[in-house]
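Before any questions on how it binds or moves, here is one chain, the form predicted alone, in structure tokens.
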């Protein structure tokens, strides 16, 4: 297997208030390899977006990285200067945000915004960048691209705006593309088109994709591997096939049971609702322990170490690591 393009090691991110520090990302580790699509899945508040913003070095001022490392190829991003980070952000590592209109300048025509990205990263003339912008818009499936290039963001539908943002990312020819819930607020048909486009881009230019989502259906259709997060901790990492056929962590199992299917009755105990994620962030052990049917005493005070069940399938759970010593 080739070397990872991104390696996150023991990343810890804290939210600092006047009287309290809370670890909203708790010592997470994972690798991403060239040309793969990896999903990061979990319910709202589990830390998926904060993980992405940590990689991009775009965290809000009240949130700080207080431990770990993020390796891009052979460089630790957390030890780089702001100037060094800017040479990588948007160039080698690009991000598609949930709300494309928030990422686009409302006072600037979309074609000019793409052309500006082309100029920054491709070192071409202004005229050439404008023609390249139209080509990129056409490449991502925007009809009548030359005319649409003269539009402002508010004149485009949500799906079109997202395609413009993807075109802007393509101008940089990144090695890693982070897509944070890229179809939020779009109807099902447009969602399918955007995910198809992301897969086509991944196949054509060989970019690795980190797809952040709460939807296991999207994971099954798009991703090669998946990491399952809960309350700032990674619970399980495996291939998509393994996570559906042989889920290990009790939280992963519960998530899968919650998926409604027309061909069977759900066996999820609806009388046992999960506690709000915000209520378990200060737990020193596994943050799912207080809601787990398989809990052990040590789960409440000790963070489980990683247990590798098979190549590529790892789980953080004492029910495997202790039983298999």
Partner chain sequence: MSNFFNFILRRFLLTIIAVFGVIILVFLLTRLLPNNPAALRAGPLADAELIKQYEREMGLDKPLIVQFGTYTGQLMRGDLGDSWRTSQPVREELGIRIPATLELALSAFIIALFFGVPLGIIAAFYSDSWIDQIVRVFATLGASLALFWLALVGVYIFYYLLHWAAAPVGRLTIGINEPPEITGLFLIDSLLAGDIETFKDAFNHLWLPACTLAFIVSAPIIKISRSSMKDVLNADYIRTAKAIGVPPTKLLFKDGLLNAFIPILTMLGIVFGYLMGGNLIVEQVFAWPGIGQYAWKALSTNDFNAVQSFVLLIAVVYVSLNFIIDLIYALINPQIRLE
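Note that this is a predicted model, so its numbers are computed, not measured. Numbering follows the first chain given and starts at 1.
Heads up, the form predicted together with its partner chain isn't pictured, but that's what we're talking about next.
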Could you tell me which stretch in 163-171, 70-78, 202-210, 128-136 has residues with non-hydrogen atoms within 4.5 Å of its partner chain in the predicted complex? 163-171
With a 4.5 Å heavy atom cut-off, would you call residue 122 a contact of its partner chain in the predicted complex? no
Although the partner isn't part of this model, could you tell me whether residue 66 comes within 4.5 Å of its partner chain in the predicted complex, counting any heavy atom of the residue? no
Residue contact check: residue 104 to its partner chain in the predicted complex, 4.5 Å heavy atom: yes
With heavy atoms only and a cut-off of 4.5 Å, decide whether residue 155 touches its partner chain in the predicted complex. yes
